[in-house]
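Provided below as structure tokens are two forms of one protein chain, presented individually as structure 1 and structure 2.
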Structure 1
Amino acid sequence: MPSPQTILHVDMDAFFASVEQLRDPALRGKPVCVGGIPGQDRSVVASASYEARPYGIHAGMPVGQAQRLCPHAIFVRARGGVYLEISKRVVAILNDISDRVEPSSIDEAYVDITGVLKYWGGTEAIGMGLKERVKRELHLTCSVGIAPTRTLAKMGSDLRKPDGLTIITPDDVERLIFPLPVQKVPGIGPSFQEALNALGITTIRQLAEADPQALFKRFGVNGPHLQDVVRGKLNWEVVPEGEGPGEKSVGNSRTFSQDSDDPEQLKIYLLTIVQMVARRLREADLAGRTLTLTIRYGDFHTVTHRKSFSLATNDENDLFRVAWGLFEENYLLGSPVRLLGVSVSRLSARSARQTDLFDKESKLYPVLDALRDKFGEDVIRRSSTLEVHFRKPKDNIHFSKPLTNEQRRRHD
């Protein structure tokens, strides 16, 4: 039984819109949409002020629709550099509270406060203290959730937005979390929700109390796994960015020539990126314990998600399983993706998966590396990987760098 943890999740309220209202008093108290300039390149709203929300406007909505819903809304251009600076200041405040801080997007972060609870006088003091500092120093509000797991903390921060603080103890889970609809669980997107609804599961209580066998039958291990998540029985580590000074990581990313919202195609992209990273790890004789996935959407909204391995690995199947798992949990279905990136950190000198005579996979890698050298990363893929990971392999793979004729010929 792992020892109990206390995780804090912080999410800035209407982040870009609040920053703009702060900078320009004329915008205060008004419906403001950031990022979507009508008639300009960005076609969706990145952030809507709370005054715009009663009209039904929200982040990700096409600008035209937002204009129709609220004709007097004010549209302002996004200023990424300004938000990034403020984001760094929020992270600096969090680092004062605990050294276990993991930013997960420009305006969200997880903080493991297990070890500093006593020092700061408990959950409420930490939550209130954080909100006060953000208000005093940055003149912005945020919403905070504190709970035994990351998922519950994130759900907590969403419960009383804006300017909320929600503390969820194990005893509160049934009262606060169970009545919510399943789509409130981070990672349950529209298609997963639909599949759960088809089984008659619409609330988190129904999910938590469903027959694990039935869930297993429909979703494999992810079914019972999800039950543990919503019950607060399953957590994963908060992984601080960089894990201390001087940390190195090995990573790769790809910007696609055309944004894609096709999960099967994105899967192929992701596999190729993982293969490149695994290969670089092998070449440097390194293995890593943490994988970070970056998803940049077509509107430049960028999120990162991390997961740790119990043992360091450079095995591309291990890495891909985790990378794809993170993608599936977090991808906003239907949103065009512009870039995918994978990096592996907390590096050590050798793989924990020892190479031995019986490990035929590890013997295969040098062979594959040589083939990829010759024919390019995009074309060589083990058939076993394809069988395992792709039900319908696509044969039209496009990257920003076009395939050479030689590659195309071999690919056909």
Structure 2
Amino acid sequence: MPSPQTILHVDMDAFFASVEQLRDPALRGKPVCVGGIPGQDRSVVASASYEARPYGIHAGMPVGQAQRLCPHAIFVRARGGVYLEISKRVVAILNDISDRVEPSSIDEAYVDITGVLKYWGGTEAIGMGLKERVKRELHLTCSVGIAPTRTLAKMGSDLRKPDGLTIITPDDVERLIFPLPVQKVPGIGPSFQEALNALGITTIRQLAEADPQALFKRFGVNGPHLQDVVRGKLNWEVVPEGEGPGEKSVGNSRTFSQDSDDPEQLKIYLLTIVQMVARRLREADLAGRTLTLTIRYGDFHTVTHRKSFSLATNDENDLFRVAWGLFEENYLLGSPVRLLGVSVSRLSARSARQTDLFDKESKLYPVLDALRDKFGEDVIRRSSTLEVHFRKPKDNIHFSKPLTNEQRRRHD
């Protein structure tokens, strides 16, 4: 498994819940659920403390189910601005280690430490130093995986949670990774797992050693591709923000703990992502003219759709209207979604944006940001998220297996 790279993946432990327990000592040692609002239909848990997890509660679970599993759980509103600020401090610590840092979500990031191994004293010294600094400066814990590829590093960070450090060398893959169930591979959701299990593939070893032709016949190119990923033969470079293809952009994405085909839930997720992107633009005093929507389906098929504005904007209403329009026009109705992402590019200074003399709503955003910081992201929600109506879905298909090549061609 040749690879010249050494990749570190850091995952903040139960991030939202841990932050809330840090802010309120009365919550420490108790089962805490963040983001869920008891009594609201379709409200889901965004983060569960480690005290809540023995009851079976996890992120993405409906609040009603979480309440039944643990009646004495404490539900706390999410405070996106607070989490974002701490996330920035984590990234700042990572940037002190290496200049190759790629945040993948608000609580996870990849770091290419290949070129700084000797400077910091090797992989273990880097991993331990990072964990100690996060604990000392932020009073939070994180789990770290270090490996030759991004996928293996991410799997390593999940092996010894919470507050763990796992170093995986090429010689360790068979011992540490191959015995794990296939659902431990990032991107393999319940549907994909079920399809693999039907072929008699229940462990990563069985996936790595399976007949590539049989995988191709069942899953198309995704089968052999996934096999190469778990074997460590495929890797992706760590791309720091602003160094991606084309020009700089500001974006955010969310990978769901469970694939979702619920349009109402997906719309709420998308709104949350857009609000985060808009807030980051406003904090940087930037506006953009092109919005890119990324949809990753449960079978790893990923598509992007773009639309440009006539004027640069950081107005979350404008951004959400375009993002949702792209989604409802292009979403394969009924197919499970694993990830949604939004980025805004063709950036310019906010002062350069031409504004309507009667555009009063933009003046409210600092107030909205402050309210959300104090009372949670759901304190104010746009009426556009209350109902979901698709204008013209591409297909009306319920997938129990990955997309076919013909479906991909129609979709792309």
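Please read these numbers as outputs of a predicted model, since none were measured by experiment. So that the term is clear: the rigid core is the largest set of C-alpha atoms that superpose within 1.5 Å between two forms. For numbering, take structure 1's sequence and count from 1.
Quiz item: Is the form predicted together with ligand DCP structure 1 or structure 2?
Solution: Here the form predicted together with ligand DCP corresponds to structure 1.
Quiz item: Core aligned, does the CA of Asp99 move at least 2 Å between the two structures?
Solution: The answer is no, as the C-alpha of Asp99 shifts between the two structures by less than 2 Å after core alignment.
Quiz item: Is Thr123 one of the residues whose C-alpha moves 2 Å or more between the two structures after the core fit?
Solution: No.
Quiz item: Relative to the superposed rigid core, does the CA atom of Gln265 travel 2 Å or more between the two structures?
Solution: Yes: Gln265 shifts by at least 2 Å between the two structures.
Quiz prompt | Core superposition result - C-alpha of Thr292, shift between the two structures, Å | solution = Comparing the two forms, Thr292 shifts 7.8 Å at C-alpha.
Quiz item: Supposing the core is put in the same place in both forms, how far has the CA of Glu316 shifted between the two structures, in Å?
Solution: Core-aligned C-alpha shift comes out at 26.1 Å.
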